[in-house]
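First, one chain by itself: the form predicted alone, in structure tokens.
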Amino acid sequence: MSIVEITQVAKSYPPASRGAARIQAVNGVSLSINEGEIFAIIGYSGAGKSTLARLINGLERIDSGQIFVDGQSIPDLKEKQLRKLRQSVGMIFQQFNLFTSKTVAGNIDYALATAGWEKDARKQRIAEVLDFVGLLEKAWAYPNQLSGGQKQRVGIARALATRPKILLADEATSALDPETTGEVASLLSRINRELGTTIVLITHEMDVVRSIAHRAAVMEKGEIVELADTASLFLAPKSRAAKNFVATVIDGEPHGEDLARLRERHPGRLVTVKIPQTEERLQERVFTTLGAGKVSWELVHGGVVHLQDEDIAVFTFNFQGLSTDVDALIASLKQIVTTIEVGR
């Protein structure tokens, strides 16, 4: 069941200079986000992903199309109704957006008071969410006394305070170091798993996507160029943008200078296969197929990709032989696993 339904949504902004065309930030986007999933919206700066997030919670108004959030039509809501809706749509920001003059508890209290919670209920809820994110002992500290990871956990606690059905995480890990990024990603996964909260990740960090997201949409120039479950996206990206993103985290598939060096050293045809490790004996079938062919082959590049539910072995082979025999071998491999010819 979808909790966010977006249909042919468009959003543009006035040009920077007189006479120039309007800037089309989102252009004809349609997608459904299912209740209880972690859904990633991926794109480089300027792709339109953050604009789409602001359209979902009504911080920006759409030019055309339709957005339903938890059954409510966002374009039809008045400002008072939008404020009420935002209590069920929490927001986590890249730069934390904490009040530096308020304590950790004070930052969360402000969110609850704005939502109309009574004082006694606010005190209890502050303790609950700080305990959940592991910062109960920091309740009376100020933001400038916290590390970046602790600040983001406060931001997450504040977003959780009103018990939202949806969390919008807009580049929530981009300002953090790799270790802290992993900790925050694990916390978001726990929120989804234990609380059933739907999480929308706005990000360009593929390590986060592969570790916790269930599905993903790739955006480029305001449009969705690919939509897939996470495993499919990493196993067989189709769009140029998705391939570029996946290449940043897949160690086993050669790209750029690595691929150029392999092409120089090996005169045959370079073929990459991707083998999910959860499927028993699949790797054995691949090597049996290689041995049964009429083609000379050697393993020239390899590695393992770690996704949230499984590991994927990525092997690149050099095939030499008659073109028809190589074609036949590649066709046989494609019947078994994801197979991509990466060079001659």
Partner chain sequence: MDNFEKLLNLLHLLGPATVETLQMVLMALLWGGLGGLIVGVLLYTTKTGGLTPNRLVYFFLNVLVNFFRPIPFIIFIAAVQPLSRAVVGTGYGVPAATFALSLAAVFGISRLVEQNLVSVPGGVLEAALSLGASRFRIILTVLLPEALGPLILGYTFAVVALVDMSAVAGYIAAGGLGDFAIQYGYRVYNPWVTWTAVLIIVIIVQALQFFGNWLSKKFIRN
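Treat the numbers as computed from the prediction; the structure is a model and nothing was measured. Residue numbers count along the first chain shown, from 1.
There is another form of this protein, the form predicted in complex with the partner chain, and it is not shown here; the text below is about that form.
> Just one of 257, 79, 118, 179 has a heavy atom within 4.5 angstroms of the partner chain in the model of the complex, so which one?
By the 4.5 Å criterion, the partner-contacting residue is 79.
> Since exactly one of 282, 59, 304, 300 fits, which has a heavy atom within 4.5 Å of the partner chain in the model of the complex?
Result of the distance check: 59.
> Wondering, does residue 89 line up within 4.5 Å of the partner chain in the model of the complex on heavy atoms?
Residue 89: yes, in contact with the partner chain in the model of the complex.
> Does residue 101 reach the partner chain in the model of the complex, with heavy atoms at most 4.5 Å apart?
Heavy-atom contact with the partner chain at 4.5 Å: present for residue 101.
> Does at least one non-hydrogen atom of residue 83 fall within 4.5 angstroms of the partner chain in the model of the complex?
Residue 83: contacts the partner chain in the model of the complex.
> So, residue 136 and the partner chain: in the model of the complex, are they within 4.5 Å at any heavy atom pair?
No, no contact at 4.5 Å.
> Heavy atoms within 4.5 Å of the partner chain in the model of the complex: which stretch in 239-247, 203-211, 262-270, 109-117 meets that?
Result for this chain: 109-117.
> With the partner chain taken in the model of the complex, which residues across 38-56 come within 4.5 angstroms through any non-hydrogen atom?
The stretch 38-56, when checked against the partner chain in the model of the complex, contributes only 54 at the 4.5 Å heavy-atom cut-off.
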